[in-house]
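We begin with a single chain expressed as structure tokens, specifically the form predicted alone.
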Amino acid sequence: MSRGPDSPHDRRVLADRVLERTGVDVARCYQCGKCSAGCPLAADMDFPPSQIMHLLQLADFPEFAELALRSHTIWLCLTCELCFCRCPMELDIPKLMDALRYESRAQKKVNPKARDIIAFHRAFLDSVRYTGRLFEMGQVVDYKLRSGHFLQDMLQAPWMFFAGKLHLLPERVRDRRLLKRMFAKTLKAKESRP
């Protein structure tokens, strides 16, 4: 039986699940706001990082944790780790954001604005999975199929092709068995997460 975030066996609050998964204790955040002040994308986020931390701290109100899971912020996070560097409590906020993205997908609470971001990530990972490298042409086609943005940036393609930035065929790594084992190991680790 699945013991995912919504299973009846998992009644812990989101902050506890994040703590178990990442080691980041949101209760240690004292809302100094340095993470939000240093975040290069804070102006584009619906909740800056410090507010995400505060939403998780309010464990008695699950609707706030839900706001964090449904936020666009967790998908905009670049994992640049500037917030982590600035945090006086050394809280690994990028790791926390990654755990929130996992929970958001597992509970099917992904913000609709994140659709293109997820399409881009999947296209990137599939490119690496099948070739062992980034195959730009394949990634672009895959992204356009997933996102439906068929005409977006189309004027850039000819220039990039003639400049040698886009290749028609992928370059593959030699030992693809190793690559296959690496992805299988990652998926297995993901399934065994608490």
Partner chain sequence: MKTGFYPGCSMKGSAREYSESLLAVARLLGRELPEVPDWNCCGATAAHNLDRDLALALPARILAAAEKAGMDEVLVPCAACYSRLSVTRHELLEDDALRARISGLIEADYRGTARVINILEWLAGVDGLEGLIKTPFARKVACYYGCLLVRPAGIVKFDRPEEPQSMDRLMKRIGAEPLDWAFKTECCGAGFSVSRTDLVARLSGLILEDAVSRGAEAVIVACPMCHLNLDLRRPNIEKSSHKKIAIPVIYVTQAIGLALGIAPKKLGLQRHKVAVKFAAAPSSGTLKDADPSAGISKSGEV
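Between two forms, the rigid core is the largest collection of C-alphas that superpose within 1.5 Å. Numbering follows the first chain given and starts at 1. This is a predicted model, so every value here is computed, not measured.
Not pictured, yet referred to below: the form predicted in complex with its partner chain.
Look up in the model of the complex whether Arg12 has a non-hydrogen atom within 4.5 angstroms of its partner chain, and give yes or no. Output for Arg12 is no: heavy atoms all beyond 4.5 Å of its partner chain.
Taking heavy atoms and a 4.5 Å cut-off, does Gln31 contact its partner chain in the model of the complex? Gln31 lies outside the contact set for its partner chain.
Examine Leu145 and determine whether its closest non-hydrogen atom to its partner chain in the model of the complex is within 4.5 angstroms. Contact check for Leu145: no, nothing within 4.5 Å of its partner chain in the model of the complex.
Does Lys95 reach its partner chain in the model of the complex, with heavy atoms at most 4.5 Å apart? Yes, Lys95 is a contact residue.
Considering Ala59, Leu67, Met137, Val128, which brings a non-hydrogen atom within 4.5 Å of its partner chain in the model of the complex? Contact residue from the list: Val128.
Partner contacts for 137-166, taking its partner chain in the model of the complex and a 4.5 Å heavy atom cut-off: If the 4.5 Å heavy-atom criterion is applied to its partner chain in the model of the complex, 137-166 yields Tyr143, Gln152, Asp153, Gln156, Trp159, Met160, Ala163, Gly164, Lys165.
Please check if Leu179 moves between this form and the one not shown, taking a CA shift of 2 Å or more relative to the superposed core as movement. Yes.
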